[in-house]
Ligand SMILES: O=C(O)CCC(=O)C(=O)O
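Here we start with a single chain on its own, the form predicted alone, put down as structure tokens.
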Amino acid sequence: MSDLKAQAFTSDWTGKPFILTSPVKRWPLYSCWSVQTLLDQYSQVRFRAEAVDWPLNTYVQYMRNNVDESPLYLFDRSFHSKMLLSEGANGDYQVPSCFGMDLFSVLGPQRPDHRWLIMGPARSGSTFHKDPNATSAWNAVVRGSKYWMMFPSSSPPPGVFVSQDQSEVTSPLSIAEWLLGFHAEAREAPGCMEGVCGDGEVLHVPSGWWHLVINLEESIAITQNFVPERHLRNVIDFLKNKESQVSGFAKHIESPFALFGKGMQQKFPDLFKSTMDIVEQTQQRKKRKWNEATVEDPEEGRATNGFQFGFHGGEEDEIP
């Protein structure tokens, strides 16, 4: 689509991937950013490329001369301060208006990492993953083009194996390995969506969606994570019940859920209360179902509805 109004996003599009072709082309930085102009301004500024911090001129030399199967991907969370950029109506760029209120903004300077500068050569990219803390994201291509493949939360891609609590993901080590082994199968799988986000376009990644992205050519992009109202429940549930998987917060913040709850109670108390009620009701239903599945018969000392597996051809060995 060319563009999208905030009301339409909220009512129809918060759970669907889509590409917008107009908003990024109105950004001031869109008209002046290229690899060469960034080199002219930030040649000696260090940016994070996976596990290393390199001056931009070192990374560009690598980017243009490597023959790696999986090239290093520049993915820097501190680019705003390093490049002295401003965001907003009169800034260097502006969040597309359709995405509306970002509820993590209630955290102010204590919000987790949420925006990154991305740069890389053809073949660089990210293997299948979900965005952190159950957030949604937008990814704007300033130069170049990116191929995306996406699956809903309930449908892990072929070749990707996930633990029950989704804390561990096992998949081929490189994008190339996955493409060679599973790409054709994935394109035929239920729920699969794929597309190319080109120069001056921005793609929406809904909360919980699996996604793989690979640069088709030398590319520069900016991405941000955000929390729309429709996915507040997902984020609260994640912060509250998957504490070990929460990421991006400063180390001194002991309870991201408590911090976020305090901010929401101050600025959006009714919304926070109604969403918390839904989260609690959902948790109670899950507990009841689990209890029903594992309730023990006091006379037999065994779970009447428990899971049972036979291994020896005779009496069943029970695994509750």
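The first residue of the sequence shown is number 1, and the count goes up from there. The model shown is predicted, which means the values in this text are computed figures rather than measured ones.
Keep in mind that the form predicted together with this ligand is missing from the display, and what follows is about it.
Using a 4.5 angstroms heavy atom cutoff to this ligand in the predicted bound form, all of N139, W148 and H211 count as contacting. Shown alone, this chain has one stretch from 83 to 91, 183 to 191, 99 to 107, 140 to 148 that lies within 4.5 Å of this ligand in the predicted bound form by heavy atoms: 140 to 148. The contact with this ligand in the predicted bound form, taken as any heavy atom within 4.5 Å, belongs to D131 out of D131, D76, E218, E201. Think of it this way: in the predicted bound form, this ligand has a heavy atom of just one of Q245, S126, N241, S153 within 4.5 Å, and the residue is S126.
A residue is said to contact a partner when one of its heavy atoms sits within 4.5 Å of a partner heavy atom; C197 fails this definition for this ligand in the predicted bound form, lying far away. Within this chain, I118 lines the site of this ligand in the predicted bound form, having a heavy atom no more than 4.5 Å away. Mapping the unseen interface onto this chain, N234 falls outside it, with no heavy atom inside 4.5 Å of this ligand in the predicted bound form. Among heavy atoms of T223, some come within 4.5 Å of this ligand in the predicted bound form.
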